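Shown next as structure tokens: one chain only, the form predicted on its own.
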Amino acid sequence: MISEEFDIANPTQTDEYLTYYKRIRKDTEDLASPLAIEDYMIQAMTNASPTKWHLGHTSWFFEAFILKKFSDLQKTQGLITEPYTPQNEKYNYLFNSYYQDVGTPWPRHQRGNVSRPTVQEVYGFREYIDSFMLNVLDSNLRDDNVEVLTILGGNHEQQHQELILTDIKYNLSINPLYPVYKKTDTLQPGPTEIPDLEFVPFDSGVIEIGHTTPGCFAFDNEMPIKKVYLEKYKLANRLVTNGEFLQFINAGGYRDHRYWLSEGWDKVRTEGWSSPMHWHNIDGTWHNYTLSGLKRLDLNEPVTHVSYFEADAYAKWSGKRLPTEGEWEHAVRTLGITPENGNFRESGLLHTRAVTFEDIEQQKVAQLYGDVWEWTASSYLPYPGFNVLAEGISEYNGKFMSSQFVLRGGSCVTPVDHIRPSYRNFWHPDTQFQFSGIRLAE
């Protein structure tokens, strides 16, 4: 649970915007603080960006979409004589991710090849942006669009905070020394016994999913509200565990094509998949690489770092299926479950937590929030009425609505105030490096 001091996810007053902005920016730098200077540069695969790039990109976002536009507006109105001046015009190239509207981005796979600007210079760039942003947010001249974009920029930065942790975990994981990012409680043993896997029934009917809370932020892909017809279904009362997934491995699940989609089976063969990412069989004993280093695999913890293909194959092997995103959101809303009790970044674990009997007793369906992003069987598509060109930043989500699947619920590295029932994460079905796991349905 976030502290009351920073419990401002949807600012409305001037001082709240300032507090919100400063809190988000500080959180990012706090996440980077355990790193050695050499760690900032690593990019071990295309999908895992260097931490230095994340620090620069999240600052560039405020520059490109607020500072330049707000300054130009002030100049047009005769309020200032000189517009905002970028610290370095080439940062618009280096730190742009995919926004073609504002320039050509630096190639994603080469983000780790750029040693300059240095880490110190990137922090200097952040300070430069912050000095102007704080002046803008403290100004009575700012317009509503600046406020909207500030909240979008904060939520965008929170997405990159999560990526800093997922990316640095992967980037460090290729090192045979199994480096420690940060010592946490993850090496402490969990419960020796957990509740059995059971299925909770839900009724059929026409439901509504999507963003429904006026005055609270949501991304464009959560809107407009969508009507969905659901048949009766059942949802597992907890997530699939490491021990249960190990049974799939021992039963030859990675060697039996019958459980796999064709593209997934191709990945198994070409990539040599034989276990979830970050699992290591050392002298006959399974271990798990975590942000706290290498630990013996806890069979009761939720399995994580599995792709959609692996989640789908496991579900078929077990005689079940993955839930749709409509079923997931319906269950959350029907049960009245909120994120506060989930295992999010604020817990300090930065790792999954085994479910307890108390969790089941209190929530009936436990772990819907936190621990792992839950793969759904739903393709990432727009809700009826979605118009990508209607948004101020038209390239944010709509351009990715192809060949991806939706995940729900947040993970152990997601900020708790960043998540909500309608939040739609999305990744390609072969993605393993995210904190993604499995909940079964039938």
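Each residue number is its position in the shown sequence, starting from 1. Please read all numbers here as calculations on a predicted model, not as lab measurements.
Keep in mind that the form predicted in complex with a further copy of the same chain is not shown, yet the notes after this line are about it.
Peer 1: Please pick out the stretch from 339-347, 238-246, 354-362, 261-269 that is in contact with a further copy of the same chain in the predicted bound form, where contact means heavy atoms within 4.5 Å.
Peer 2: Looking at the partner contacts, the answer comes out as 261-269.
Peer 1: Flag Q43 as yes or no: does it have a non-hydrogen atom within 4.5 angstroms of any non-hydrogen atom of a further copy of the same chain in the predicted bound form?
Peer 2: Heavy-atom contact with a further copy of the same chain at 4.5 Å: present for Q43.
Peer 1: With the partner left out of view, is A251 within 4.5 angstroms of a further copy of the same chain in the predicted bound form by any non-hydrogen atom?
Peer 2: No, no contact at 4.5 Å.
Peer 1: How about S115 - does it come within 4.5 Å of a further copy of the same chain in the predicted bound form, if we only consider non-hydrogen atoms?
Peer 2: Because a heavy atom of S115 falls inside 4.5 Å of a further copy of the same chain in the predicted bound form, the answer is yes.
Peer 1: Is there a heavy atom of P11 no more than 4.5 Å from a heavy atom of a further copy of the same chain in the predicted bound form?
Peer 2: Because no heavy atom of P11 falls inside 4.5 Å of a further copy of the same chain in the predicted bound form, the answer is no.
Peer 1: Heavy atom within 4.5 Å of a further copy of the same chain in the predicted bound form: which of W106, Y314, F125, F202?
Peer 2: Spelling it out, the residue with a heavy atom inside the cut-off is W106.
Peer 1: Establish, in the predicted bound form, whether F70, D130 and T431 all lie within 4.5 Å of a further copy of the same chain, using non-hydrogen atoms for the distance.
Peer 2: Contact check failed for every one of F70, D130 and T431.
Peer 1: Which residues, if any, of 401-440 lie within 4.5 Å of a further copy of the same chain in the predicted bound form when only heavy atoms count?
Peer 2: M401, S402, S403, F405, H428, P429, in sequence order.
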